Each structure stands twice: as C-alpha cells, then as structure tokens.
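Given next are two forms of a protein chain, the same chain in both, each as structure tokens and marked structure 1 or structure 2.
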Structure 1
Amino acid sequence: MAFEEEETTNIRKVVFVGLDNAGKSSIILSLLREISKFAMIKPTRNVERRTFEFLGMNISEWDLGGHERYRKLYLEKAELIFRGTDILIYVIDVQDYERITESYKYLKDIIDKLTEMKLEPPIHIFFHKNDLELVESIKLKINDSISFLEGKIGDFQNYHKISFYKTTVFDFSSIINAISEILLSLFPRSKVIERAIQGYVNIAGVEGVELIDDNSIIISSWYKDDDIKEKLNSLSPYFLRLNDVFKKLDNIEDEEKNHIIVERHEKFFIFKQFLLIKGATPYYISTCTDEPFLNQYEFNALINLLRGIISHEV
C-alpha cells in the first residue's frame, strides 16, 4: 500500500487519527457542512486527504482510517505517515467505554513513534461524542472516562504540547471553536486580525462579531457578553448552511445584497458573505447589532484591512 508524498513544501499538515468509529469523519463533514452525509458515513479506508486554503496558507488534512489493520500499517510506516505533521488531532469516542484503554494505547504508540522520530507536533485530543442531551448515569460514565484518560495521558511527561477539547456533532460550536483555535495557532498574524476586529467593533458599535472562513473556521471574534456569544456561536453554523442553499438557488453578484438578516428580541443578527481576493473562496461576517444593516463604509474599511493583513501588506 503506497502513500503519495505532498507535491509542495508550502503546506501545513493536519492529521486526524483515532480508533474506527471515533467520529473523525463526522467532525470533518460538519466543518464542510455536509451534515446530510452523517447517516451514510462508512469506515475510512487507508488515508483520505483534502487540501484547502486557510488565511493564505495551504492546509493538507489527513483523515487516517481507524481499523486495526490500518493502525498497524501507520505505525509501521510512521516515517512516511507522520513526517511533516504540524498538528495532530486525536479523536476518542468517550461513549465507547469498552475501548477507552485501547484508544489510550494507540495514542501512546503514536507518541512513542513521534518521540522516536524526534517530532513534536502539538497534539489536540478531542473527547468526542460528549453529548449534552444524555441521561445523568451516562454523563457520569463519560466524565469517568475523561478523568481516566486525562490522568493516563498525564503520564507522557516528556511530551508537553497536549491539549484537550470536549466535542459533539450535536453542538457544532464545540467542534468549530476547537478547530478554529487549533488552526489559528498556525497563523502568525492572528493577533493582528484580532486588533482589526476590535477596531471594527469600536467604530461600528456591534454587540458581537464572528469572522468566518468557508471551512466554518472562526478566524476572529468579539462578544459583548456570554449571551451574545452563545447566540452567535449557535446561529453562525446555520447561517453558513442556509447560505450554501441560496448559492445553489441563485447567483448574487452584488456583494452589498448578499446577506441574511434575522430579527429577534429587538436585535438584528446579520450574516454577510464577502471576498478578500476576487475569484477566491469567500469569507463571512456574523454580527449582532441594533440596526438592520451594516455601515458599508465601515465594513469596506475592515475588508481592506483584512486583505492587507492576510497578504502581509499591513
């Protein structure tokens, strides 16, 4: 079984790994907003890859099949599979209690291989299927599984770049927030974008704002309070999917008209698509404001600033 090497060095490699049925593919599909395919997900065979653009960087996403025969192969060919990894995301099904120990062992085997190869990519562990709408007895079992894993993973004394996230496909924001934080760690100018968003907030007077790319990644955000944060975190994924539907139904060339507005409790939630580079994938802004419109002058100023930041002209 052969694995093709990347054709270019100008690429960042993100690897999803874990046991079969851990939920790796459903996480990726949720970012692609292909929720309808959840019921048809088949076990990933070998390695599935896609490349996408993120803030001017090329990201190579590797989804490693979790079946036992593939896991053995990856460890045997670790030099080829894990070489050049910038980010490793390890997904654990915290509801699969009988395989918690097996999942931990596989993670340990991977870390042993990385250490042997003198590679130290940050490892982000997703305690996945941490569903909120569960009976109390199951929640207790899940918490026990997570506590066990956190304790065991703490044994990796020599590997310092490990972080944890609780995720579920029933709360898209849990996945989006985790992936957003992880990918932004690869972009050296994320703090500059944060300052640009803060400047926009100060001028426009919005109560909350999320800057999102076409892979559902929140590039930057600001919220007046936790209530606004919860509302925008919940609304943005649905706005994105609704926008996908409209794209199939019509073709709006006038960017000023390409937006969705929802009024609720005397607040306006505005979702707007825009381009930083003509012909490239779009970006989106999701805001909460007292007015049913965005000031176009202020918004255009933000777009121009973002364009300069991403192209390194600012």
Structure 2
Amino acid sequence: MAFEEEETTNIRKVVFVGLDNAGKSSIILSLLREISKFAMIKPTRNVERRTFEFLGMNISEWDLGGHERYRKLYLEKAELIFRGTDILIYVIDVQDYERITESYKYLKDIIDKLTEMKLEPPIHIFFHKNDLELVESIKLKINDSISFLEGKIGDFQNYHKISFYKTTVFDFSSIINAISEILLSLFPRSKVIERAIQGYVNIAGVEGVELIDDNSIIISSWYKDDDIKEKLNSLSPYFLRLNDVFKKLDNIEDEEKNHIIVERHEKFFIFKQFLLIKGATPYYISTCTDEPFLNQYEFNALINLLRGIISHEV
C-alpha cells in the first residue's frame, strides 16, 4: 500500500477540456495509437471517465457544450474536475466558426472559476483542426479565429500561464510537439527521456539500451543486469568509431539501413544512427537483443517521441 502511494505521487493529472466535437478524443486516440507502438498503456481503474496513463501523465477528457443553461451546471462540477489538476488542455475546433464564441465563453468561465478556487494549473490551448491541406480561403478564416481568440485570451495571461498550439490529427508531429512541451513543463527532460526509453524496452523486449549523442555521451540508458551494462558500455565506443569509418567509406544515405549488427553467443548487439533534427548532429542507439533486427514500427515510434522531447527548447 505504501508502495502504491509512492508510485502514484509522481503521476500528473492532465485534463482535456473543450466543446463536444472539438477533437479531444481524436487527439487522445492518436497519442494512444502511437504510444502503444512502444509503451504499455496503463488504463486506470476509474469508473466515471476513460483515463489512461502515459509517460507519467494521467490523461482524461471532459466534454462541454449543450444548452447554454448547462454552463452553470458544468461549472458546479468544475470543483470536482479541476481539483488537483496539474495541466489543463483546452481544445478549440478552429474550423467551427459558429461555436468559437461559445467555446471562448466556456474557457473564460473556467478561468474565472479557477481563479475563484485559487487554482492555477497551466492552461495549454490547442487550436485544433488546423489541417494542412485546406483551401486558402479556409486557412484565412482559421487564422482570423485564432487571432480573435489569442487577443481575447491574452487578457487572462496576467493571471494564468497560458500557451497556444496549432494542432491537427493529420499531422501527428503537431500533436506530439505540443505534448512534448507539456511533458517538459511537468518533468525534467532526463526523466521524460528515461520514461520513453523504459516504454520502448517494455515492448521491444531488448536487454539493454543506450541513447548516445554525437559527443559520445550516454544521455539515457537501461540495462537488464550488470552484465549487459558492462557489455554495452564497453562496446558502444567501438561502435561509434566503426560508424565513423563506415560513414567515410559509404555514401549511402538510407537511414533505415544505417546500422551495425554484431552477433556473439547468440546475442545481437545492434547500433543505429538516427537524426532527430534534419541537418543537426545525429544520435545513436546501442542495444542488445535476441533478434538480429530492431522492429522499425516500434523504433520509429520511439524516435518520433524523442524528436519531440529533445528538439524542444525549454
């Protein structure tokens, strides 16, 4: 029991709020889909609402909307929802022009309520459905909505920490970037990376992982035991050297095939170079597994997340 309590104190409560149809479930689902490629999702035993745990965040969703007269009712429930909330994500459908004012009113009510309750969770506003492939006239309209909202919401910035993001489910990086920034506001970067690596280990079944930067520094690592730790620690510097030699010899730029594999005593040591930011210095992963390859699907999901985490300035 004591252990369980200690476990949960590290979990942050993140609530997605917004009008019905704003896109909250879709955002959460797209995260789930991506994350489940490399991490186990822990559904929480919560009867009322669907919640899930992801990299130390307990994420839930709350629909607003309906009749105007319900607004007051919602706010009475607000006490229940917002107490203990670490992060509030407010999702606005920027293509639904008819409900922009309604959405704004709810947000204003919530901020007022929070102030009244003396709660100050940072508020992250997603200008959602900011789709890429839109005709110019719609893009202009969306920008109008966003400027309107930014102007209005700017008024609250004296009281609250408010950030804005433009998101769409059609560009997953827009979502993972926003979530990474939120994660980094909650936990130190090293902790977020560590959790990501741990998630990958759980699903990929590797015996050890080292994430190494271009200065040969191990940024994060996980080992099944001391034996694997010693092996990877000793091998990685050689892999880095070998990788440099190969880089000079070949001019193939196929990232997918850019790895070195060593087999020894039925174990495979796999070293892989990858780019987090185009044009910047590469990163490397050094692993030990039972199989002579890394599953691309899981590996790419890890890279996508790391890209969000590492390339973010804090």
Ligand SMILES: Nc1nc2c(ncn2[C@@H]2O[C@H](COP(=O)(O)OP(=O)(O)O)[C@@H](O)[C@H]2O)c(=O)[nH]1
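Structure 1's sequence is the ruler for residue numbers, which start at 1. What you see is a predicted model, and the numbers here were worked out from it, not measured in a lab.
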query: Which of the two shown structures is the form predicted together with this ligand; finding: 2
query: Residue pair Thr289, Arg189: same rigid group between structures 1 and 2; finding: yes
query: Angle through which the smaller rigid unit swings between structures 1 and 2, given in whole degrees; finding: 160
